[in-house]
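We begin with a single chain expressed as structure tokens, specifically the form predicted on its own.
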């Protein structure tokens, strides 16, 4: 598939994710980690305008010079930007103006991509990064829209207009034994990967076992009913402080009604399905559950080297690994070098994908990462021992 076709399909899917939103939904920012859908639409457009069209398209005129300040996310190289917590205060540009911005840049990009022979290897890499960057924001859009609507007192349904993979029920679990040895992890081949997946390198693993499927809602309910959230023995010190501070007693979106557990979904409030993988838990909760179960979380290396033995992709899975650079990691020059490396501190690695991940976006070397107290993303866990 050509870059032009990839670009058109990608941009259409982003619009489809937002198709059922009302104008008021586009501007809400309930917490700092959630960006308004309007901002996602503008930021992903800004990426192509800033890193592809402006430096490489002769006589290209930016849509609005002020948008660099509005839609820059964290690229210090590119200049000043709106503070992240203030994205929800941006009543202007309007939703209509953001869609016009998107159409303007799309027309220029489609024309630019019509002649791929004129695109050299370095620019191809930037365009490929831009495509994958928007796929990341498609996942964030779905996640953020769920948070926005799931924290509305009316718990309104969100009519999904995007391709949503089915998550199969987990009816049985098995322990998979992995022998001691020296293995290799990290991206290989010439397919696209993010810089944090490089360089491929050797790791030593002691013999371990990992479960064939992620932990289910039914298993997590057993943890809740056994007083897991009230027993400090299962928790890190930071995790126990987090539970106390935020009065956490169940995964995000869960509530108990007349003895039954319900959770918010894009269809509205529904019964928690017992055989589905647990979702929307923090690293702290994942670690506490594993301790309660007499197990542990796998390291990211263990997860990767065992990943050809089990199905994955139903949930982002917390690992026991801090987000750190691989041996020989080197940040690229300029703004693109700010993409991943600057975040390699105070975060934990997750592996896999989820129902919100764009199909084909993830791979078994993909390194997602979040701070340990975050759980608005589609996050779960798999046990190891």
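Every value quoted in this text rests on a predicted model; they were computed, and no experiment measured them. Residue numbers count along the first chain shown, from 1.
Below, we turn to the form predicted in complex with another copy of the chain, even though it does not appear here.
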{"property": "Residue 20: touches another copy of the chain in the predicted complex, heavy atom cutoff 4.5 angstroms", "result": "yes"}
{"property": "is_contact(residue 330, another copy of the chain) in the predicted complex, heavy atom dist at most 4.5 Å", "result": "no"}
{"property": "In the predicted complex, residue 203 touching another copy of the chain (heavy atom, 4.5 Å)", "result": "yes"}
{"property": "Heavy atom of residue 232 within 4.5 Å of another copy of the chain in the predicted complex", "result": "yes"}
{"property": "73, 298 and 312 each touching another copy of the chain in the predicted complex (heavy atom, 4.5 Å)", "result": "no"}
{"property": "In the predicted complex, the residue from 125, 274, 90, 176 that sits within 4.5 Å of another copy of the chain by heavy atoms", "result": "90"}
{"property": "Residue among 305, 148, 252, 288 with a heavy atom within 4.5 Å of another copy of the chain in the predicted complex", "result": "148"}
{"property": "Listed range touching another copy of the chain, judged in the predicted complex by heavy atoms within 4.5 Å, from 322-330, 351-359, 52-60, 39-47", "result": "322-330"}
{"property": "Residues from 10-46 in contact with another copy of the chain (non-hydrogen atom within 4.5 Å) in the predicted complex", "result": "20, 22, 23, 24, 25, 27, 28, 29, 30"}
